[in-house]
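Coming up is one lone chain in structure tokens, specifically the form predicted on its own.
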């Protein structure tokens, strides 16, 4: 079920060319809606080159707070001649297309079921700005003025945001304000009352912020106590380390010396970056690396080493389209399996799956605690949609009383009282041995081995001694089920059908469940937050005869992981797969589930 646009419920999509400065204009528009109290989310579809290729920016305003893509376009601003036809085709029936009418564009005027509005944006800017670069940049700002008039945006909010952005640059402030006014006046004079829907001031964004997942992750790493970040630049994760460095410069300053108490290192490759993180973790620092799918592939050897030698480390994997180089600036959830079992031999890694920037912040903190409690690498598996797009989320909660959980670390007093310390002895029977930090006490010294070792840390190729270690690692894996976050579970009614999903699929699933419920289809829902799967996941599987597994990859990786790691019949899990590189929308799910249900009724 799809509803049409109405006040505070519409989608605007802007087609432009990479490198023309449209990002500032588009972000301004999104922030105006947010400042007006209207829930909003933005999706930026940009190419993996520097300049000249098509780019799109999609803004959804929704009074009910749905934050997934709407699956429709109500207003298209077509600024790229090369994509006019494609842009026109994606406008929903009854929608509106705005284009630069400075030059005739006869081929876009052939749809009778939409309203086409021409605005001479280039002409307006050519007449009012002399510099060629300014004409290009201000043309984008001018269409914000057009939209402000058509959507009835609060111009005081627009002015306040411009002032905030260019407070120290009076010339730029004046130029941007002029461009806004040019577009606004033209629209008011020529299209008064053209749109049947408006943006009305609301209060739905109180106690919320706009933030992208990579920025939230960088802040979470600072909050968790991380002091070292090592990485090799890769889209779409690089901005995590940029944010981490910036926050360290702000919050990790020694008050006496003014020096920053942190270290950010760009390594020669991803494998080296993880090696640095493992070295720092072994030494007692909280350390992490950020990467994407190709980086995870390169890090496999050190991931196995961290697992077998039991060294804390945190990895942030911002997934993108693969395989190989794939589409670096498109989103997917295609690293689930590669992260879960990364490296050769019998390895399993703890994974956390945030669904939004707020959880990127909180799960980054959890990841460092888990890595030290379990003495193992922990991977936060996010994606480009969360990481690089602007999301509305509740204010991040910062608790000055937070104390990192370092797990089983022996102090100098502990070691002094011991007759001898052996690194891999399981004294408590939970699979987790005690560890020491270098320099704590002479008794705490031990060899760290990636080769076969026994419980005393000595080299071995003895079958029994080797099995004691790997069996204990499996016992620790089972214990991890009690440490990781519980899944989010919603029962509408105790029907025998449900949905299981993960990460950034969440908002589309929430909206789809509501749409289906309106038509009498009630589905229970479980969102996986972590791997290994705990008892509540198994309970959900046991309680349902048919479960739709929603994920954004071709090969049903979450479904495969459930079949491998839980007790469930293959026929119970119905894959619903979205993997074209664009974020999931609720319409896709509603249509797919209704189609499946109709097949069942027909049978």
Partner chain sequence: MTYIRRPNVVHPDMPSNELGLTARDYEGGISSLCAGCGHDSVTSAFVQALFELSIPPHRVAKLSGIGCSSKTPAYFASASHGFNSVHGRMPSVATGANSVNRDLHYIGVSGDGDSLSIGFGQLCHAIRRNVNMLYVIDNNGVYGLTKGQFSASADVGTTAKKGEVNIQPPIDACMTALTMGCTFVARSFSGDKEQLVPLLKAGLVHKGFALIDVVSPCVTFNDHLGSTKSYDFTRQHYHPAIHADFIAPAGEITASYRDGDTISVVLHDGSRVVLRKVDEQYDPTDRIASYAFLQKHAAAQEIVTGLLFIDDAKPDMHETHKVVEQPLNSIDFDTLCPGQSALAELQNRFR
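Keep in mind that this is a model prediction, so the values were computed, not measured. Numbering follows the first chain given and starts at 1. So that the term is clear: the rigid core is the largest set of C-alpha atoms that superpose within 1.5 Å between two forms.
Separately, the form predicted together with its partner chain exists; it is not shown, and the next lines address it.
Only one of 188 to 196, 522 to 530, 111 to 119, 219 to 227 lies within 4.5 Å of its partner chain in the predicted complex by heavy atoms, and it is 219 to 227. Shown alone here, residue 395 lies within 4.5 Å of its partner chain in the predicted complex, counting heavy atoms only. By the criterion of a heavy atom within 4.5 Å, residue 171 is excluded from the residues contacting its partner chain in the predicted complex. At a distance threshold of 4.5 angstroms between non-hydrogen atoms, residue 284 is in contact with its partner chain in the predicted complex. None of the heavy atoms of residue 362 is located within 4.5 Å of its partner chain in the predicted complex. Candidate site formed by 208, 266 and 450: every one of these residues places a non-hydrogen atom within 4.5 angstroms of its partner chain in the predicted complex. Interface residue among 431, 407, 233, 485 relative to its partner chain in the predicted complex, by the heavy atom within 4.5 Å criterion: 233. Among the residues 98, 142, 352, 311, the one placing a heavy atom within 4.5 Å of its partner chain in the predicted complex is 311. With contact defined as any non-hydrogen atom lying within 4.5 angstroms of its partner chain in the predicted complex, the contacting residues in 429 to 448 are 436, 437, 438, 439, 440, 441, 442, 444, 445, 446, 447, 448, given in sequence order. The Cα position of residue 400 differs by 2 Å or more between this form and the one not shown after fitting on the rigid core.
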